[in-house]
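In structure tokens, the next block holds one chain alone, the form predicted on its own.
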Amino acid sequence: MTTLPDPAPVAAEQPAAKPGSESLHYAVRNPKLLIGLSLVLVLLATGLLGPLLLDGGNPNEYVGPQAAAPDGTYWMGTTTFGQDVYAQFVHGLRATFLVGAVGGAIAAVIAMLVGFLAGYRGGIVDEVLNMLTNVVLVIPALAVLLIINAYLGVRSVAVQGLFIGLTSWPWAARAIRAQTFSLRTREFVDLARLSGSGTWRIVFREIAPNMSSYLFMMFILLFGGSILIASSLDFIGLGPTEGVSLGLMLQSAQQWSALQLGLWWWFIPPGAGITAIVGALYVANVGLDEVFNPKLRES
């Protein structure tokens, strides 16, 4: 197992810096990570706390004048039906984060189970799982999701995240498999195998901890990918049948000609919200890569 170099020489009597504290040292000094993480946390807090501060519980309720511009009463204006855009926006943030978390978590779990097992066991197990991964990989996931969503009578954010997770794991599984192949021949894995440890114990006690940073960054990518896929489905009218999301806000704005009518406050907030979440996740992921990879550190 490779040891990360110390950022600066230390005196002989001082203990060497631990890898975890060293990573934290660089994390709090990485502007990309701090900016991306801060923006994600602000948007997440808005999505979690914003709906609690509103009087009404239904974001699609007709509460004000039609097509009103933003003012002190309606911070983001209203739609052509008198719906509060701010109420829809904060509820939409919550739904967007939820579908990203559900889809990303399901895809990450499947990818880890398939990738770890294929990479560690090898042989016929690897061939079967690799064939399954390739089959799912070549299937047009968006087309499958379109068909499934079109024939579902009731669609929810959780169900949408479930199907996104079931179709977006193959690339991550192949990446984990490749990393596991390189780790399974290390000495600490051989020692665990000689001690009588089983496959999953070796995988989760020896191999997975050495890939923790890689797995975390992979989850961030799956999280952002799930949000983009869900927003695409919402925009073409195949989103949740109940509730509201940022993608559904864009779909409604497009359907009722918000751009042509000059109602910029209707379509800009959801589009900016999706862009900000995915962009912040990408920037944070780049920052994490610089933190965990000594070759990319600037200082």
Partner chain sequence: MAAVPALLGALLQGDFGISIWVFPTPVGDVLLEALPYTLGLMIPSVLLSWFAGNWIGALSARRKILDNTVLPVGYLLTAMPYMWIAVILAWAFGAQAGWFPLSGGYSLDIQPGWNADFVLDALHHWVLPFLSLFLVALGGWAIGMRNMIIYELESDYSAYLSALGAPQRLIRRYAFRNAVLPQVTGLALQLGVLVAGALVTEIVFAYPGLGSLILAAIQNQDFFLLQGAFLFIVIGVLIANFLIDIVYVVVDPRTRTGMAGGTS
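Residue numbers count along the first chain shown, from 1. Everything numeric here is computed off the predicted structure, so don't read it as measured data.
Not on display, but discussed next: the form predicted in complex with its partner chain.
Chemist: Pick from I35, V42, A272, L53: which has a non-hydrogen atom within 4.5 Å of its partner chain in the predicted complex?
Modeler: When its partner chain is considered in the predicted complex, the option within 4.5 Å is A272.
Chemist: Considering non-hydrogen atoms and a 4.5 Å limit, which listed residue (V109, I147, M131, A158) is close to its partner chain in the predicted complex?
Modeler: That would be I147.
Chemist: Which single stretch, out of 91-99, 199-207, 116-124, 225-233, brings residue heavy atoms within 4.5 Å of its partner chain in the predicted complex?
Modeler: Of the options given, it is 225-233.
Chemist: Report whether the minimum heavy atom distance between N60 and its partner chain in the predicted complex is within 4.5 Å.
Modeler: Answer no; every heavy atom of N60 is more than 4.5 Å from its partner chain in the predicted complex.
Chemist: Check R184 for me: does it contact its partner chain in the predicted complex (non-hydrogen atoms, 4.5 angstroms)?
Modeler: No - in the predicted complex, heavy atoms of R184 and its partner chain never come within 4.5 Å of each other.
Chemist: Is T241 close enough to its partner chain in the predicted complex to count, meaning some heavy atom within 4.5 Å?
Modeler: T241: no contact with its partner chain in the predicted complex.
Chemist: Should L259 be classed as touching its partner chain in the predicted complex when contacts are defined as heavy atoms within 4.5 Å?
Modeler: Looking in the predicted complex, residue contacts with its partner chain include L259, since a heavy atom lies within 4.5 Å.
Chemist: Going by heavy atoms, what in 240-264 lies within 4.5 angstroms of its partner chain in the predicted complex?
Modeler: Those in contact are L250, Q254, Q255, L259, Q260, W264.
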